[in-house]
Every structure is written in structure tokens, then in C-alpha cells.
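Laid out below as C-alpha cells are two forms of one and the same protein chain, each shown alone and named structure 1 and structure 2.
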Structure 1
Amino acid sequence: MASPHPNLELRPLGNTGLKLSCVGFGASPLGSVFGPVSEHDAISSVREAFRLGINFFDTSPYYGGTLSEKMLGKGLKALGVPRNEYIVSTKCGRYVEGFDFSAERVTRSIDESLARLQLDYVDILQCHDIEFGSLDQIVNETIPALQKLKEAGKIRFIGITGLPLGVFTYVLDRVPPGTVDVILSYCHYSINDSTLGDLLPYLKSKGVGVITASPLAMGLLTENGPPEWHPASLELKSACQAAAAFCKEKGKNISKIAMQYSLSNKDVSSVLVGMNSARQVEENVSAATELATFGKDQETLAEVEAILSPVKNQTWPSGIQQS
């Protein structure tokens, strides 16, 4: 199989030395989290992603009760390329049976993940949704356990994920510099909520790489609208619906505008998007290559931002959706 072609921009991830494709493959849908996905579709979406230049794949044992890791493992194996040609991130601490950030559990977790992924190591292991654990346990127990896994060669870099932005500064201010390599934030760098932007200079000063997920705000910035369980206020949902209708009227797609908005900040190493079909992969890569060639659609973006300005940076309760 051909190596990734160079059309998709690669961006450095903090001080890790890794270069991630600006579009990252979010593998939670491979766990049939949003509806059934066949093994064939899972494998073909991974193959198509790699063919089009995506080199970063993110999963978790929580997604689909370990099914996402198994499917991603099969997809990566089917690529038949050297291991150093793709970057894999998985998580620990959040499982279908609940949260457990103990040293014992996360140490066992990586061996289980590696078996499912059919890999000898992962590039990044992240503590998953740390706001649901004790942040002091994350600092004093979980991260030291991950450092041991790093020394053992099972992981290369350490990350943390969560919804409230305050969890990142809490942990990073309490661990030795260079201990945490990466943060993964979701729903805080999209047209309706760009609060992650305020944190970027701080993260840069710490040498921490930044990955953002959910550029479509978990379905708010789509023509179909969010799922029923979405925790946003009615006011925010209705403003996003109006913005989507406005784009459609102009012959534009709000999801593409939203994706390009998130991609346009070069301080974000990769924008993770959940994908479960070759078609979705092609749409996301096309949004990125179009942005690189022609730049943002400033006129439409300005109009969408004006529609969303009354609800800009509205937060919602954490814990509804996985990061």
C-alpha cells in the first residue's frame, strides 16, 4: 500500500517530535457507538484515511466496550505498512464498567489495549476524562504509573483528556515539566466555542502538544442537528440550526465551514473527527486540502459567527459524550 501522500499538512505535536496529520481519525464510531459499523467498513475507512494522508488514529477501551480498539487494530494491520508510518493514541482510566485511575488498573489497561490493537506499543496513552476522577490521584498516582510504562517501552508519550479546561492547568501546574506531553480537548475549539484558544499560549509555554476533537460540537454544527441527548441549551441548539439553514440556503455546508474553522489554527496539532466510512474520510480530507489551497470562506464564516454570537462560548455539563 502506498505511503500517505503529502497533500495533508503534518504538524508538530508539542515537544514530542511527532508530526500529526492536521486531520486525525477518531475511531470511536468503529465501536458502533453511533450505529452499527461492519468490519469491512471499519477496515476500509482506516485504509482510505491512511491512503489520503491521515497518519494519526485515536481510540479508547471505553468506545464500544473495547470494540473500537479491536476494529482499529484490524484496520491498521490491514495497511501492511511499517509501524512507524502511523501514530496511535489510546486511553486509560475510563471503561464501560466505570472510572478507575489506579496505578494497578492503568498498568493492566495498556496490556489489554495493545492486545486488542495488535501492537507492541502506542505512541500516546491518555488518561481519559480526568474530571471524573480525583485530579490529585491523576497527579500523584496515575501519571507516575504511565511514566513507568514509558520506561518499559509500551507507550511513547503521556496525555490527559477532559471537557472542562481547568483540569488541564490543574494537572500541568502540579507535575514536573515535560511529564505530560499532550492534552486532548473537545468541544472548545469550534465556531460556537473557542475558549481553548485562550489556553493555547499557556500550553505552548509548557511544551505540551494540543489535539482538539469534535469540531462539529457533537453534531450542533451539522445540517441534521445534534442527537437528542445533546446537553446544549435550547437557545444554543436553535442558533446552530439557524446557522446551518443559512449555510444551506447559500449552497454551503456548515460542517465544512466548522471543520475549516478548527483546522485553521496552526497551534492545534490535529483536529480529531469521528469517522466510520471511506466517504466521511474523503469529506474531511477534502475540507482540509481545500482550506490549504483556497483559505477559509471568510464571508460565510463571518455570517455564521454573527448568527452564533449571542450564544458564543456557552458551556454545558460534562460527562455526556466521550472525548
Structure 2
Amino acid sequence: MASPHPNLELRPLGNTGLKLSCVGFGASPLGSVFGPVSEHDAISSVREAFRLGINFFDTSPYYGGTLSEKMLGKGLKALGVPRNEYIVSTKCGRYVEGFDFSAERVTRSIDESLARLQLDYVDILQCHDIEFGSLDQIVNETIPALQKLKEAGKIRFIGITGLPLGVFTYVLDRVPPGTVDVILSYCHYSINDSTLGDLLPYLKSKGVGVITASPLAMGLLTENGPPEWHPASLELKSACQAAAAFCKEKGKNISKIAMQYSLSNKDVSSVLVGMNSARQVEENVSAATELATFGKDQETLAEVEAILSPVKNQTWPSGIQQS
């Protein structure tokens, strides 16, 4: 059957030659990190995502202590389509047991991930939340180990992820050009925090593909609000709650406004949103297709931005201090 959303935009990812759907499927919810998700719901959200034109799926061994990778693997297998029709990224170095970016651990990690995902290779392997490791180890040991995995055909491209934006420039300024293909930034390109925008020209000059994750600020920009563990300050949480209530009152949905905000910058290849049901998939894909047809809801966006202006670009600490 032809896709009902054949127009979900594909965007090039840096110099990789990959074309990612502008809405990417964040699989952390499949690890039940935002509340329990049944295997049935996990598989049907992956099926619905693919049916509606999403070709990019992101996970990590850390999410739900390997549960997300297992669920995503089942969902992808159930699609029954050729492997080259979807793009998978997973991560290494962060586990429920703790962080380990050693060459030995990340080399073992990919084999474990491939087994859980039921795949022969992943498209992108990313060092997960590198601000919790030694950045010099990432440069001198972890990335060289990932290059060997590339040569072995277990991964196609190398990425790094983290919250503080300075980790990206630190690493990219120290590795040979073309070594790191992709960066994944989160919670820095959404209505309440758009600081990633300042880094985009630098990333473009390096030929690095950009993925932005958490357009809903890990639940802050939803009607239901964030999970218990959310690290934002009370001030930021209550401002987002006020913005969500304002939208609801107006008959609008804050999550749609937030998705459209993140999707509007075409220098970002894919906006990774965590989804745990077919309904959420449909809503987020519709946000993208409506944006392409009608443009942003400028009036509501301006009102939400005004509510959030006292907390604009407020973030939270993450990682170990680097000397």
C-alpha cells in the first residue's frame, strides 16, 4: 500500500549520503523510561512510524537497561522490509551499570547491540553522553576503536552525543576531518532553548550531520508534563506547564507547536522525538506535514515564546567537569 504521507521530507545528513526523515523515531520510550510500554504498543508504534514515512530510528543500550534495543529490534523485524529501507542508530559507552568509553567495552558493546537489535550492522554508532567520560579518551581511544568497527562493516558512521554544546567543539577540533560524521544534541533546539542554533554554522563548516533530539524537552512541552526524573528547575517546569495550559485553553496543542518549531530549521537533518504509541506517531508526523503545507502557527508560537521568555535557554548541569 502506498504511504499516506509520501511527502514526509527527507534531509541529507552531513556528508554521509544518508537521507533521514525530518521526524526521527526516538526509541527511549520503548525502554519504558517515560512509563510502561507493552510489546504490542512498541511494535505497533514502529510499524506506524515506518508506514507514515519515518525511516530513522534511534536507540541505546542504556534506555531501559537494553529493553529499548530489544523492542526496537522486534519492531523492525516485524516490518519485514529490506534492511536498506531504514536507518538505525544506537550508542555505546553509557550503560545502566555506568559509563565505560574504553576501546574494549565499546568494541564488545556493538556486538551486544547488534544481537539485541537482530541486525548485521547499524548505520550510526554514537558515543553516548560523552561529558560523563574523559573527552581526551573519546578522541584518542574511543573514536579510533569505532573506526575499526567501521572498517569491519559493523557500523557505517560515527557519532557523538551529549548535553553541553562545548563537548562537540572540543572533540571536533581534535579529530581528523571526516572522522566524526554526526552529532546528536538534545534539549537545545526547542522553543525554550535554542542554543544549538549558534553552533550550526560551525558544524556545517566541518561537514558534520546534525540530529536534534527531545523537541518536547523530554516531556516539558507536553500536556501531561515531564516524568519524575526530569532534571529541569522548578522554575522551568512551571513555565512550561503554564505554556501548555495556555495552549490547551486556546484549543491548541503545545507538542505540535514545539515539533513545528524544531522542524523549521533545515540545517537540522532530523528531529528525534520519543514515541510510545501509534497515536503519538500520527500526531508528530501530522505536525510535520501540516508545517510543510501551512507553515508555523506564528501567533501561538509568539505567545508561547513570551510565556517562556523568563526561562529562555535555561538548562541544567550534566557530566563531570573537564579540566
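So that the term is clear: the rigid core is the largest set of C-alpha atoms that superpose within 1.5 Å between two forms. Counting starts at 1 with the first residue of structure 1 and goes up one by one along its sequence. On a predicted model such as this, the values are computed, not experimentally measured, just so you know.
Chemist: Quick one, which of these two is the form predicted in complex with ligand NAD?
Modeler: It is the second structure (the form predicted in complex with ligand NAD) rather than the first.
Chemist: Aligning on the core only, does the CA of Asn224 end up 2 angstroms or more away between structure 1 and structure 2?
Modeler: Yes.
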